[in-house]
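This document opens with one chain alone, in C-alpha cells, the form predicted alone.
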Amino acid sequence: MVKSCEDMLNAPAFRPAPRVSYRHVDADVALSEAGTLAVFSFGAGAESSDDPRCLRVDLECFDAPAPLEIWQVDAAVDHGSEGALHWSAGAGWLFAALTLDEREHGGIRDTAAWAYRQLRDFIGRRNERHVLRIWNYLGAINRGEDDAERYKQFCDGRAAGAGDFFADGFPAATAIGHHAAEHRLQIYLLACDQPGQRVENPRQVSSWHYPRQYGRTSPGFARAMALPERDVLAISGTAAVVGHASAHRDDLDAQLEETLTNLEALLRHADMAAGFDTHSPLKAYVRHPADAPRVREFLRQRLPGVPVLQLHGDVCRSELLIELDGWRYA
C-alpha cells in the first residue's frame, strides 16, 4: 500500500533506543561526547559532577575501578535542573533524576510521595510523557516488620504521589536497597515521546495483582518494556520469583538459575531470540559481598561475554540473594 503524504506526515518519528554501555573513562570525557544523555558513577568514592546529566549512584561496585554507565542518543542534548530534579533530553528521549534526604520530607513514605509528585508534574509538562523505565534506590530497604517494612512504606508513598502518573500502564522498574546513608532516596527514569510495549512474564503473577501479604499497596511495575522500535527490551529487576512466591531460600545457585529462567521467559514473551550478548549490558545486585565471586563466575559461565556490572544491593524481599536487570538489544 502506498502511503499518502498525510499518512507520512502523521507517522511517528523513528526513535532508536539510547545506547547503553559500561566504560572506563573520565566522566568529563563521557559528558563531552556527542549525544550523551546520562552518565552514572557508582559508590561513595566515585566521580561526581555538577552537570545535570551525571548521577553518582549510592550503590558500591564490586569491581575496582568501577566503570561508568553511559546513555547516548543520536542528537544534541539539552539539560537543566528544577530544584532537586535534574534532567536531560534529546532525540525524543528524556532522563530525569532526584536524590532526596528523607529527613527533609518526613520519612520514606512521604519522601517517595513527594518524589513521585515532582516527577509526575515535570513529565506532565514535557513531550516525552511516556515513562518507560524507572529505578528506585533506598537505604535499609528490608528494615521493619509487616506493613512497617521500609520497602512497603516506599510502595505506599510511590502510589500516593504517582496518582494517575501511570494511568496507561506501569513502566519497567527496579527497587533496590543501598548501603549508603539510610536517609537517601534516589530515583531516576527514562521517558520517551512515544510509548513502548509492556511485557509480562507468564511464569510470574503481575506485580499489581500480588496478594495482601506483600503490603497494603502492591508494587506497580511491568516485568519489562519493549522500547518504541521494539528492538530493545528494558528488563525490570528480576529475581527467583515463581508465581508471586520467592523460590530457593538461602540457595544462591538455585536462585541464579531461576532468575535466568525468568529472563529467558521474558525474552520469549517479547518475541526476542534467546540469550544475551556483548551488546546487552546487565546489572547484578548482590546482597552479601561474600557471594560476589560466585555470582561473577556463574554469570561468566552462563552468559559469556555479556557485560555485567556487579553492585552491592539488597533485593526488596529479604529472602532473595540476587537480582538482575538490564537491556537486551535485538
Ligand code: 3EB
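Just so you know, these numbers come straight off a predicted model, no measurement behind them. The numbering used is simple: start at 1 and walk along the sequence shown.
The next section is about a form of this same protein that is not shown, the form predicted in complex with the named molecule.
Partner contacts here mean any heavy atom within 4.5 Å of the named molecule in the predicted complex, and among 97 to 105, 189 to 197, 169 to 177, 248 to 256 they occur only in 169 to 177.
The partner is absent here; in the predicted complex, the one residue of F221, W71, W114, Y137 having a heavy atom within 4.5 Å of the named molecule is F221. G237 is the sole member of G157, P228, G90, G237 with a non-hydrogen atom within 4.5 Å of the named molecule in the predicted complex.
Proximity of Y210 to the named molecule in the predicted complex: non-hydrogen atoms within 4.5 Å are present. Under a 4.5 angstroms non-hydrogen atom cutoff, the named molecule in the predicted complex lacks F165 among its neighbouring residues. Using a 4.5 angstroms limit between non-hydrogen atoms, R317 touches the named molecule in the predicted complex. The named molecule in the predicted complex comes within 4.5 Å of no heavy atom belonging to L119. Highlighted residues Y151, V241 and E323: every one comes within 4.5 Å of the named molecule in the predicted complex, counting any heavy atom.
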